[in-house]
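Given as structure tokens, the chain that follows is alone and in the form predicted alone.
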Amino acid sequence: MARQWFLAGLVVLLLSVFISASTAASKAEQAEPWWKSAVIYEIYPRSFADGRNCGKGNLPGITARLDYLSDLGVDAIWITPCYPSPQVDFGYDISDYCAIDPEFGTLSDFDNLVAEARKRHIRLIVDLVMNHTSDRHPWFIESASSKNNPRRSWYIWSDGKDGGPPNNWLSLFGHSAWRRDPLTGQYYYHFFYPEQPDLNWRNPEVRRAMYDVARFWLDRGVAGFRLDAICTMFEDPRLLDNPLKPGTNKFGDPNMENRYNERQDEVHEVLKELRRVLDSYGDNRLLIGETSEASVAKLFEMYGRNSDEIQLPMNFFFAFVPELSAREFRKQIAASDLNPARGWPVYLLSNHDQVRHYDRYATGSDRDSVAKLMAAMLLTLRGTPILYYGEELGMETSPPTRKQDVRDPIGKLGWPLEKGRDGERTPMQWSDAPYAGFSAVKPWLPVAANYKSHNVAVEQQDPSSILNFYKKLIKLRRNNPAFGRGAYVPLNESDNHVLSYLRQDAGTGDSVLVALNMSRQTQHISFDLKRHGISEPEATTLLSSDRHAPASVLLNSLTLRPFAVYIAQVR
């Protein structure tokens, strides 16, 4: 009897230890903010889905396609601006921060989108444009009405110099960054188009007004904001001339270093203040920054101390890699993964301002293989990936071939050296029906030429499609602990053709090998993983772009076909 009592007690003790450990693990998982394991999907609303058959995408269209996004496996969607706007810069010139442009729907449509997305466990992130407003915003109309108007100091105004603008600063979109107002005789500053005057963030009233804008959307249930062009929010008040560099740009202007009108230190004050606004709502509300810093070191200063600024300083370092290069991508990954702030990395390959990566690295029949290769890298790294609508299909960039067809003002101004961004903003390809199933009427931009073969309806039925490869990757990422919490461990770092690494979770002991052949030649590689705690000579295949890949392979003799993806469990 005593022995039975002892065994029963031992069982109870072991069970309590197991429950305690499980509870601790569960709490640890819960402590991880949702955005660390999330897959974020950027939507350009004008081009995603037309729910009203008007030729332009809108909020009801997005809502109608939420099941597709849920099936894809995304955790959050980021939508570019849908606020009332004259649409000079397609929504980035805002005339009312607390409403929805009728072109996209109503506030009720927005609330319905938030609610329906929540039912599918998808969070909604919206663009917050803090650097500038539209010149038709009531704030600017008041500011421009007289030098004595109370809102005059809400924007950057200055007298001219030597019969011209106050200094030599240039707009990102070409020519002087100053426009003379004939009513008051002064110039106002615009880093972007003249119709987008910059706010004066040194004015406390501007800060309070913009934080109230953030609260308006947080109250409506958004999970956070993507902050547009935050590095341009402050200017040196001395208005000193920027240094010139040799040559001219695509607009015919002199090349210039934006020393005094970009990347000023005061931006960190604003990010800390905005961070506190979001933190007051709890639920790990997210800030993604469009942080166009020149170096990784400067970029990750945006985290602040103890991540008290933004959680995800979005960058374009991947997008700026011009060719497939294991060496270059390895370098970029290391810089982000080992950033001095110890912040969480964030990666993207394409977006509404960048040429789609489907065209960037390959041509012809290789493009689909390379699309899968790049997806595998993006979705298996330690960090948060941001997908751009349609990249999961292999949508291609389709720039206009005639100036008269250009819609983007940048293209109209800089043609032919600058063709604008229309090519990466073409309608989502839902089917091979007329207009790619995007709309029943002619859309605002022509659909890409490859819509017959690369669309949702066709690819859903093809097990080897890019779309189904994305789905498999996202599912693998979600279900394997090594991808959720695991460290990034680079392998074979002298290899110029194959990018390879381990994802290792110290808590569970799970280890996954990722090998990506970034060359047009078959590669034969070998891995010695003993120093990483891997003793078994074989790897168990989890996912491969080769449909005939064996169930297991020997680590000392792995063969990768051109542009092949191989992902395996190792022990």
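Numbers follow the displayed sequence, beginning with 1. Nothing here was measured: the structure is a model prediction, and the numbers come from that model.
Below, we refer to the form predicted together with a small molecule, which is not included among the displayed structures.
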**Report entry** 4.5 Å heavy atom contact with the small molecule in the model of the complex for all of 92, 290 and 353
**Finding:** yes
Report task. State yes or no: in the model of the complex, is some non-hydrogen atom of residue 229 no more than 4.5 angstroms from a non-hydrogen atom of the small molecule? Result -> yes
Query - 4.5 Å heavy atom contact, residue 173 and the small molecule in the model of the complex - result: yes
Query raised in the report: Closest heavy atom of residue 132 to the small molecule in the model of the complex, within 4.5 Å or not?
Result: yes
Query raised in the report: Closest heavy atom of residue 192 to the small molecule in the model of the complex, within 4.5 Å or not?
Result: yes
**Report entry** Heavy atom within 4.5 Å of the small molecule in the model of the complex - the one residue of 143, 85, 196, 455 that qualifies
**Finding:** 196
Query - in the model of the complex, the one of 485, 421, 367, 275 near the small molecule [non-hydrogen atom within 4.5 angstroms] - result: 421
Query raised in the report: Where, among 182-190, 325-333, 495-503, 221-229, do residues come within 4.5 Å of the small molecule in the model of the complex by heavy atom distance?
Result: 221-229
